[in-house]
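Take a look at this one chain, the form predicted alone, written out in structure tokens.
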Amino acid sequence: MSRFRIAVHITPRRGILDPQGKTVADALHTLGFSTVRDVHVGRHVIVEVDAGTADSATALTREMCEKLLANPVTEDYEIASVEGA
């Protein structure tokens, strides 16, 4: 068994109201960043797991996302990186 560190990005699905993202976009416009078109605010989660391979660590993390970490109705997730810890 090896320990793996997996980074997961969880963001609101397209078309789902994101009031926090809207607030950030409005603030950026107020600060002069007029080229900003849209902002989506999500979460960055780091999970450390013990697994035999990187593939099994990734599969385990996907299962965690589908069962708990991400709401499948309103959020998408992306496994950003898998590193040996």
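As the structure is a prediction and not an experimental result, all values here were calculated from the model. For every residue, the number given is its place in the sequence shown, counted from 1.
Only in words, not in the display: the form predicted together with another copy of the chain, which the text now covers.
Chemist: Though only this chain appears here, would Val41 touch another copy of the chain in the predicted bound form if you measure heavy atom gaps against 4.5 Å?
Modeler: Judged by the heavy-atom cut-off of 4.5 Å, Val41 is in contact with another copy of the chain in the predicted bound form.
Chemist: Answer for Asp50 alone: is it within 4.5 Å of another copy of the chain in the predicted bound form, judged on heavy atom distances?
Modeler: Contact with another copy of the chain, yes.
Chemist: Although the partner isn't part of this model, could you tell me whether Ala54 comes within 4.5 Å of another copy of the chain in the predicted bound form, counting any heavy atom of the residue?
Modeler: Close contact is absent here: in the predicted bound form, Ala54 is far from another copy of the chain, nothing within 4.5 Å, heavy atoms only.
Chemist: Within 4.5 Å of another copy of the chain in the predicted bound form, counting any non-hydrogen atom, which residues from 56-84 show up?
Modeler: The stretch 56-84, when checked against another copy of the chain in the predicted bound form, contributes Leu60, Glu63, Met64, Lys67, Leu68, Leu69 at the 4.5 Å heavy-atom cut-off.
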